[in-house]
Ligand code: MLT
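Next comes just one chain, in structure tokens: the form predicted alone.
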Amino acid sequence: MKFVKVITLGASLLIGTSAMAENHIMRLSHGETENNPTHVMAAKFEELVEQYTDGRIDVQIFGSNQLGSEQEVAQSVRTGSIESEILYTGNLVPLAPSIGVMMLPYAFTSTQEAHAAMDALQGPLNERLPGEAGVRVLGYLEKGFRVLTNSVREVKNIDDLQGLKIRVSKNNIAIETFRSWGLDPIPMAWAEVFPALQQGVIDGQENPYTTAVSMKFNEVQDFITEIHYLIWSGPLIVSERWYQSLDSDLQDALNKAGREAAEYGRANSASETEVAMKSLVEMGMTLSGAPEDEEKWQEAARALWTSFADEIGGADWVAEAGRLIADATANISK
């Protein structure tokens, strides 16, 4: 520890320089277990913040929804009673509609495109989110595209999809996207999905490969199709009120740590997804890859973008975000 000399009442006292600066507690909430890519990103962020702030910010991680559900904690981050959180984008949309552009169907169709879009949108989003929700984004995680699983047949084209009973999250974008493909999707709470698959109430669902493994969907599902319509994305958000109370050097350190932790988390997610795919094949599932007529799926879903505008920040913002995504992904090889 470095020391400086302080003269007080004629006496020389030695105190640590860290005591001269205000230290801060930064509680970081998320809803996952320690082996999940979300926690891996959180742990990396903690490490980097410690390094870049010389310990002036103490990141304390609370996983498995210890501080409340994702939406409950987001409200607390908004008021500043909790400093930060990593959560699914869809659970932030009710507070911060503008971030819903990350959920537009087929806004990107590869992880490379998704990363470029996330990075391009982070700055413009941080001009909007403090006013909408009292938060800002320090980094953006992804955990892979939501793939379609089912127990009935291999889905190689949009015709194969017809008649299947597919569960979707209680999210209007997901519901309307599946309707555009000719289905009547079944919104269902997550806790009900596995027993519904067991009992045949539903034929299938859509989530990342890693979720298929962790939920043991191989026991009740046989087929997987990579529909690429939506990637699981999750921002690391911080309370704007708390962030603005920090010295500028600490803000810069958080920004740097957030970007680097997100990159680390994305790499971990890619590795975990590859392992999950191999595991599912070994456990007997059939992976079909992308539909042979994926253009039809994309055309039908992208036609809905304007109808979602009022839910996610307005038509002008959707158009602007679309241009930013197009520019960011223009030179990425498919």
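The first residue of the shown sequence is 1; numbering continues from there. Keep in mind the model is a prediction, meaning the values are calculated, not measured. C-alpha atoms forming the largest set that superposes within 1.5 Å between two forms make up the rigid core.
Below: the form predicted in complex with the ligand, not depicted.
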### Query
Okay, which stretch from 127-135, 101-109, 175-183, 140-148 lines the ligand in the predicted complex, with non-hydrogen atoms inside 4.5 Å?
140-148
### Query
Q221, S76, Q122, N91: which sits within 4.5 Å of the ligand in the predicted complex by any heavy atom?
N91
### Query
Exactly one of E294, E70, E46, E272 has a non-hydrogen atom within 4.5 Å of the ligand in the predicted complex; which residue is it?
E70
### R167 within 4.5 Å of the ligand in the predicted complex, heavy atoms
yes
#### Entry: Touches the ligand in the predicted complex: F194 (any heavy atom, 4.5 Å)
no
### Message
So in the predicted complex, is the ligand close enough to N255 to count as touching (4.5 Å, heavy atoms)?
### Response
no
### Non-hydrogen atom contact W232 with the ligand in the predicted complex at 4.5 angstroms
yes
### Message
For the ligand, considered in the predicted complex: do all three of E32, W190 and N207 come within 4.5 Å of it, counting heavy atoms only?
### Response
yes
### Threshold 2 Å Cα movement between this form and the one not shown for T211, core superposed
yes
### Task
Indicate whether K170 shows a C-alpha shift of 2 Å or more between this form and the one not shown, with the rigid core used for the fit.
yes
### Query
Do you see a C-alpha shift of 2 Å or more at V147 between this form and the one not shown, with the core held fixed?
yes
